[in-house]
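Consider the single chain below, provided in structure tokens and representing the form predicted alone.
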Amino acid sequence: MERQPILRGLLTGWTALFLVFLYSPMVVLAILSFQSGPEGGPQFPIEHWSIYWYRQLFNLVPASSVAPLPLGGALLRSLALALTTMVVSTVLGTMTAQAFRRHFRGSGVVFYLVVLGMMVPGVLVGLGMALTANYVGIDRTWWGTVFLVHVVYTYPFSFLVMLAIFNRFDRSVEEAAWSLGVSPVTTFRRITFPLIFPGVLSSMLFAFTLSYDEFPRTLFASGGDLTLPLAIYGTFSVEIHPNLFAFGVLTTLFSFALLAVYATLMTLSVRRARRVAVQEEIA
């Protein structure tokens, strides 16, 4: 009994150190983003605080020797790619997990073939896609070859998330609907999907974030139109300027906003599931 407070204190201290290690780079990045412009790289301590680099991101300041970040087209391409990858991977992952609810011949082989997409190094996948595209004679584009490698990468994550959800799913609810003459399509739309919706949200979040930030697979499979990670890498492969820190802060805030939307939708989904459960008990 005497060891429990000591163990609890050690675990608390270790968790605190991990959180500091995880979030301290973000804090430093946020501090450095408020230094004055228009010249210079990272400076610390900061002598003059300014939002110059945030304004420079949106071309609200006169041109200087520091090139603006390649936003606009690259950002829109990354967002469009992440959204389409999110939709396709979530649909495929849900369908595949639904199929695995019943045992079929060769299910083990199919399982490992699906999971293989997340285990193979991204450099090899991107290089293989580039060589295949060159051999077949098709152009490498962000909406074609890059989209395919992103789906191959994110699809296993969506599948594993939905597989875990379906493993905890009570089939008796569906069987009761079928016994009442409800069609399988209506059962899935009115009963199954609302119950697995939290897992669908998690799958969508995984696929979006993985695709939006993907670099090695995109590096080889992309053509002339670059996504945001490639554009930033090409612009600042030699020297990093504070506008990159400002963009990192805005990206972090965007990520927190996504998490807030995810938490809100998850809360509403859980409340709806509980309300339906209470109504069924009353009935």
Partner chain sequence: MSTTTQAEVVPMAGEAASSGRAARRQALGSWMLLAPGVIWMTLCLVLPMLMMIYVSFWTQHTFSIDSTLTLDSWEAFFSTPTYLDSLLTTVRLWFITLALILAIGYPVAVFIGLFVRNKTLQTSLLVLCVVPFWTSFLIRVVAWRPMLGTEGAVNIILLKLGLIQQPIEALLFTQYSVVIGMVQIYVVFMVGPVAFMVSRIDRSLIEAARDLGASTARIFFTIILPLSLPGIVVGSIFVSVMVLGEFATPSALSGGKVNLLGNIIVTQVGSLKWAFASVCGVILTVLMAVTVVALLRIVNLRREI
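Predicted, not measured: the structure shown is a model, and the values here were computed from it. Residue numbers count along the first chain shown, from 1.
Although not depicted, the form predicted together with the partner chain is the subject of the following passage.
For the chain shown alone, V66 is not a contact residue for the partner chain in the model of the complex, no non-hydrogen atom being within 4.5 angstroms. At the 4.5 Å threshold, heavy atoms of F100 reach the partner chain in the model of the complex.
With a 4.5 Å cutoff on heavy atoms, W143 does not count as touching the partner chain in the model of the complex; it lies far away. In the model of the complex, none of the heavy atoms of F197 sits within 4.5 Å of a heavy atom of the partner chain.
Of the listed positions (V87, A80, I138, L124), a single one reaches within 4.5 angstroms of the partner chain by any non-hydrogen atom in the model of the complex, namely L124.
By the 4.5 Å heavy atom rule, the three marked residues R8, Y23 and M119 all count as contacting the partner chain in the model of the complex. Interface residues of 198 to 212, taken as those with a heavy atom within 4.5 Å of the partner chain in the model of the complex (partner not displayed): L205, F206, T209, L210, in sequence order.
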